[in-house]
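Provided below as structure tokens are two forms of one protein chain, presented individually as structure 1 and structure 2.
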Structure 1
Amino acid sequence: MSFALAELAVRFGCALRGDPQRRVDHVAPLAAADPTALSFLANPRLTRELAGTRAGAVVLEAAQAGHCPVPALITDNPHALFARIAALLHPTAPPSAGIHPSASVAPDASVEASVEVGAFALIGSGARIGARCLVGPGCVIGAGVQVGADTRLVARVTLLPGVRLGERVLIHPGAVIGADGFGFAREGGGEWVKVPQIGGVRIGDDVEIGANSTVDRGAIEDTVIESGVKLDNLVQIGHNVHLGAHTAIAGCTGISGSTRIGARCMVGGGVGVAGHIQICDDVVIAGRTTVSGSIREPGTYASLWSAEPIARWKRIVAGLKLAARRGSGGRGERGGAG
């Protein structure tokens, strides 16, 4: 499948500089692209690769267009436009409707005729699978689970009873949605008493959940992931957490129970968030930050301990370095990392 640059410019509403009839059929990095490839420049550190590219076209900002030796698609957000064109050039294969002979589907489950059910998948009693879904090999869908149209469960995904997925959800291999939250009460002698986890999990439209990530069911009310949320691999979402729309969370992050994170937040890798706190909309949390208290103002936060506004964190680091120099009498600091 190939497209003329003129067609791409019209379809995606961007400017074109160069041959409108030039055609591209795949994407590639600047340095490796051939004359039928589309590439992009969003990171200024890669500008040096632009001069020597052999790409059929490059997606970039207007400020870089004069340095581009090949046709250019010009936009204010090269990365986003490149992503949309890449999806057009490399579309996901639609499901092959049908149920594999080794799959097990409960007689009272509702599975649309356009659904693909892979080998050794299990669909429980009363489950409902919407049109054009993929239930990949080894997936387990519990009793009463609801899966919206055009959702893709790639492989070995487990959806336990009480889970409801919206439309166009993508869940990668090994993810577990709806397992019990970590809820225990402690008695006087130190014994732990399990608190029944009777809530469910509600996931909106266009959510993506990475490989081996987990989303726990609510203790009483549901755990909620609103539309457009993106979770990386190995992310843990505790019981009764509420994630606002279009929030993105990077790998190896843990969100403790009953925490509420607002819309359009970005959480870096390896972040730990304490339970029963609130984080407002439009917050960015740098990787490895520990968030032990609520964040009520939008902005960027970073810390290896409790989260602070980034400007204050820089002052803290400077103070620690100054204290270390004073403690060592100023010796051994001149060649150290800045």
Structure 2
Amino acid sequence: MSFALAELAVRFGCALRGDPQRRVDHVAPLAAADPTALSFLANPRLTRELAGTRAGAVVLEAAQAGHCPVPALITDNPHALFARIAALLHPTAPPSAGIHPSASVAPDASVEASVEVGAFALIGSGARIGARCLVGPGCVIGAGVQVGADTRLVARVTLLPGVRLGERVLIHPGAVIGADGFGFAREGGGEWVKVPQIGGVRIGDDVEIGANSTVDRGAIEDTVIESGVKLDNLVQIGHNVHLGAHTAIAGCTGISGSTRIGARCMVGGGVGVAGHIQICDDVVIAGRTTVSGSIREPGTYASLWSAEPIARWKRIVAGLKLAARRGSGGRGERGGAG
């Protein structure tokens, strides 16, 4: 499908500089784009690439328009406009309505006629799957699970009993939603007694969950993920966590049980957040940070120490241990040898 720049400018309400009849049919990076491609400039460091681009058009801010050798679509937020046009040029294939002959659907499950159910998918008793959903190959949908319209479970997604998904949710392969939380009581001898995990998982609309991520069911009450939340791959969400709307969490991050994170937070990759704490709205956590206590003020927080050459790092650690002993008045550290 191709679109004239004039059509795009009207549809998305942005300014156009250059030939309104020029047509684009795909997206490409500035340096690789040909005259049928749409590109974008969000990072001013790429201005040199802009000067050399052969793209059909570039999405950019007004301040950069003067440097653009080809037609430009001008907007305050080039990244977002580019995303919207790219979705138009590269639409997701709609589900192909029907149930694969190998799938196993419980007789009392409610599956709209417009739903696509892939090979080897299992839909359990009493589950309800909304219109135009994709239940991809190998998915396991537990008894009583509810899935809102236009939700896409790409493949091999597991939704255990007690899970409710909103509309337009997108879950990537291998994700497991609703497994037991990690809840045990300890006996005097160190043995663990399992605390039954009987809560569910409630997920809002427009949530995306990455490959092989895990979201545990609540212990008694529900784990809650509000609308618009985005989780990357290999993210762990513990039982009874509450994630506020539009919060995004990058890969390999773990959020421990009963922690509440506000709306519009951005949590970097490889972060660890302790359990039973509160993080307010609009907090940014730098990648690899450890969050041990509540955060009550919006802002950016960090605790990472970036890599150093190993010899220098060893000197730093040795120096720091000495400085720490001095800093603490030499008490206690290594038997008080300050």
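All of these numbers come straight from a predicted model, not from anything done at the bench. Each residue is numbered by where it sits in the sequence of structure 1, with counting from 1. Take the two forms, superpose them, and find the largest set of C-alpha atoms that agree within 1.5 Å; that set is the rigid core.
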* Between 1 and 2, where do we have the form predicted in complex with a further copy of the same chain? -> 2
* Does superposing the core leave residue 11 with a CA shift of 2 Å or more between the two structures? -> no
* Core-aligned, does residue 23 move its Cα 2 Å or more between the two structures? -> no
* Quick one: CA shift at residue 320 between the two structures, core fit, Å? -> 6.6
